[in-house]
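Coming up is one lone chain in structure tokens, specifically the form predicted on its own.
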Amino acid sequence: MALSGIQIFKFLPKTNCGECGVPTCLAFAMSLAAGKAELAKCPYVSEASKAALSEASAPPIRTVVIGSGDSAVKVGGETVLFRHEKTFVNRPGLALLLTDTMEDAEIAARVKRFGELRYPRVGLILKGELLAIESKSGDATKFKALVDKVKDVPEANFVLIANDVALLKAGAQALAGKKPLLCAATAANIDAVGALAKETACPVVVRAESLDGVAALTAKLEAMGVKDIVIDTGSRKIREAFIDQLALRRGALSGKNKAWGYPSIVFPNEMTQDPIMESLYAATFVAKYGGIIVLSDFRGETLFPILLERLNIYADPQRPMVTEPKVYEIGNVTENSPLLVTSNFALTYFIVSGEIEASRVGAYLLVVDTEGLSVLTAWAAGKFAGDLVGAALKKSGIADRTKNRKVVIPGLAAIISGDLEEELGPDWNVIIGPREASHIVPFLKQMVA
């Protein structure tokens, strides 16, 4: 479990030298416990203390990396049962299923959807990350041909699913350097699959029919020197699989069963034939506590809600979601379009931009960096002041893109209008906008009438 500041302090040199950037070792320990500093900043901590701290502070659920490069998927690494206790760390990876019995046209269509179904949101691109390649034919030639066909799909990571170790080996060799997840090691083949995982440095799934069976398999792989493990409890009914996920997380976090301290993989695609029910099952495992979620297909109408749920649950509750500070063009803008100003708190941005879109009036929206605070809170904290908004407007270059010299500020921040006029000079006219976003539509329509 994560260490407290006092526990970390016991490992520090207690010199109070200040070279780490804070005045005392106790303050530095508190920063480490809060995740606001790195141990490497202390120049005098001993190697023994580094090792002890690393082992003691390791999360009870191991972090496992699938894939390589910037698009690799990290799962596990969790330290809490409920998000509000601190935060969830590594969001679950979503996998699209491909099998070696599918027609080429179907495979191509699915790969196309994998690449195209991407949604920009609060400065992020929401998308699925993995292709799950399953051998249903049992034919090594067909399986390898499928792997070869999709191995160069951009930003794809891979799960290889086969009962035959020879097939897993062929797939792993075809994906050399890409660190696919090997699925799965069972009581019958664990020696061979474990050796393959160790040889290829690939993470591996263990599958058993009970949680005790899972514990026995993870312990055996650990003894073989294989550490990057993902758990499949074998449940293919929603109730049993849901209970298994709860038991794994609670057992690992409580320390009662360290052999369960690994992320999991779940298969909603095998639990139902109904795509709507499958998406509901997937949404369940996003919340509780799937590490990798395999879907039978990616469809925009079911994938987007899952991605949005994942974004919301895995956003750090202690850090506001923010939008990139800049000028956004909403609708069909011209050089005479109005200019509105708001904060970069993501919820504020989406509400305001949505109302502007609903008005059907093309407008510019200047998003000011308020460190993720809403307009009123940012004003109270001195981060939405007239001089700061004016400086952001000048820096944005909007004056070169429009002849309109009217800027609309939120009604709740009307008090900054004088300072803003002084900052911008006589060429600009500051207009007090509505206090509520719901009044933006009639306000804009009247403004351009």
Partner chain sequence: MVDFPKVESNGTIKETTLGSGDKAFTIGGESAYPFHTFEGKMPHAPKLAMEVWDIAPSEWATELNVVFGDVYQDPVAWAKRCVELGADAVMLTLASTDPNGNNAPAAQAVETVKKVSKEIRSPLIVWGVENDAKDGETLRAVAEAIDDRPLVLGPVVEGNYKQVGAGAIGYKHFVVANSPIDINLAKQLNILLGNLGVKDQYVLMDPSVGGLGYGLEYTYSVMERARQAALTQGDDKLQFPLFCNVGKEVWKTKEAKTSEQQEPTWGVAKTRGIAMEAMTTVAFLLSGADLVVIRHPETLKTVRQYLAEMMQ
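Here, rigid core means the biggest group of C-alpha atoms that superpose within 1.5 Å across both forms. Predicted model only: the values in this text are computed from it and were never measured. Residue numbers count along the first chain shown, from 1.
One more form of this protein exists, namely the form predicted together with the partner chain; it is left out here, but the text below deals with it.
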Mind checking whether each of 242, 276 and 283 has a heavy atom within 4.5 Å of the partner chain in the predicted bound form? yes
Within 4.5 Å of the partner chain in the predicted bound form, counting heavy atoms only, one of 363-371, 162-170, 225-233, 109-117 shows up; tell me which. 109-117
Quick one: is residue 14 in contact with the partner chain in the predicted bound form, heavy atoms, 4.5 Å cut-off? no
How about residue 127 - does it come within 4.5 Å of the partner chain in the predicted bound form, if we only consider non-hydrogen atoms? no
Since only the chain is shown here, I'm wondering whether residue 257 would be in contact with the partner chain in the predicted bound form (any heavy atom pair within 4.5 Å). yes
Interface membership of residue 300, the partner chain in the predicted bound form, 4.5 Å heavy atom rule: yes
Let me know the one among 247, 89, 192, 187 whose heavy atoms come within 4.5 Å of the partner chain in the predicted bound form, would you? 247
The listed residue (221, 150, 211, 175) that reaches within 4.5 Å of the partner chain in the predicted bound form by any heavy atom is 211
In the predicted bound form, residues of 297-312 near the partner chain [heavy atom within 4.5 Å]: 300, 301, 302, 304, 305, 306, 308, 309, 312
Is residue 330 displaced by at least 2 Å at its C-alpha between the shown form and the other one when the rigid core is overlaid? yes
